[in-house]
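Take a look at this one chain, the form predicted alone, written out in structure tokens.
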């Protein structure tokens, strides 16, 4: 048990370090990295402009920057944001709870709607309901997050609901396909042939077979929801890490972007690892 937990933690750390390193490289090779719009500010003195250029030159040496970054990270120092001139730790402390609350709410609603529609379509066997739910899910799957966010801004609707509408179609489609396959299993067909009720078949025969795959989908849905929530925060002016990442990208703020990459990687990898662990535990207990 301790060995598996240790390996999981080691895997998490390696993935986070690799993600932050790759992110730093991509930021460094991006066009305009060495430039800064603050250099165009006529109110700044020559010394201030020179200090800005020197800071950019320091960060341009990636091996040296990353070595210093890791050394500071071990001391709990996340650095200073170049664009906002604030400690990155304070910025993350303010923004992460906002995004996490939106993420939890969007996922809860998406799972509630997606599972409810999938179960309703399977139990009722209604072609009309299936046609309507398939049409709605296809519409939102093909809708870009930015477009839907603009609509929600105009209608003054909660931005978390926009993320819900973009995530629930994937949960609905996967759940519907999984339920259709589960209802074709021999023991399920036998239970239905013996006259077992629809809810009894679902609870005692279908749900235990579909649970491991659904648990695996939980981890995937977290990364999907986080991916659509970040641009929605930018468009809807939500003070979360999505808005912070957009501001950092515009100003080529390397210290801030590297730490944001760590945060996003940590959330997505942890969600995937926890869902995989729950799936394996459920499978072993069922066996």
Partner chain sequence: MKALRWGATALLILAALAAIGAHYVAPAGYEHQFRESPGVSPSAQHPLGTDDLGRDRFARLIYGLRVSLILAPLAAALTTLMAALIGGIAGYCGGWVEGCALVIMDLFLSIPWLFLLITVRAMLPLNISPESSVFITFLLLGVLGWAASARIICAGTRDLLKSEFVWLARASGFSGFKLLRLHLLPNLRGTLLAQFWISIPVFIIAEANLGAMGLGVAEPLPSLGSLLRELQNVVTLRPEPWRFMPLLVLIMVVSCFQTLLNKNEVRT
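Please read these numbers as outputs of a predicted model, since none were measured by experiment. Numbering follows the first chain given and starts at 1. Rigid core (definition): largest C-alpha set, two forms, superposition within 1.5 Å.
FYI, the form predicted together with the partner chain isn't displayed, but the following is about it.
- Heavy atom within 4.5 Å of the partner chain in the model of the complex - residue from 202, 115, 109, 217: Flagged contact: 217.
- Message: Residue-level question: is residue 158 within 4.5 Å of the partner chain in the model of the complex, judged on heavy atoms?
- Response: Looking in the model of the complex, residue contacts with the partner chain do not include residue 158, since no heavy atom lies within 4.5 Å.
- Query: Any of the heavy atoms of residue 246 lying within 4.5 Å of the partner chain in the model of the complex?
  - Reply: The answer is yes: residue 246 has a heavy atom within 4.5 Å of the partner chain.
- Flag residue 223 as yes or no: does it have a non-hydrogen atom within 4.5 angstroms of any non-hydrogen atom of the partner chain in the model of the complex? Judged by the heavy-atom cut-off of 4.5 Å, residue 223 is in contact with the partner chain in the model of the complex.
- Query: For residue 134, is any heavy atom within 4.5 Å of the partner chain in the model of the complex, or not?
  - Reply: Yes, residue 134 lies within 4.5 Å of the partner chain in the model of the complex.
- Query: Who in 139-153 is close to the partner chain in the model of the complex, meaning a heavy atom within 4.5 Å?
  - Reply: Those in contact are 139, 141, 142, 143, 144, 146, 147, 150.
- Item | residue 171 C-alpha shift between the shown form and the other one of 2 Å or more, rigid core reference | No; that C-alpha moves by less than 2 Å between the shown form and the other one.
- Item | Rigid core superposed: residue 100 CA moves 2 Å or more between the shown form and the other one | No, shifts by less than 2 Å.
- Message: Superposed on the rigid core, does the Cα of residue 148 end up 2 angstroms or more away between the shown form and the other one?
- Response: Passes the 2 Å threshold, so yes.
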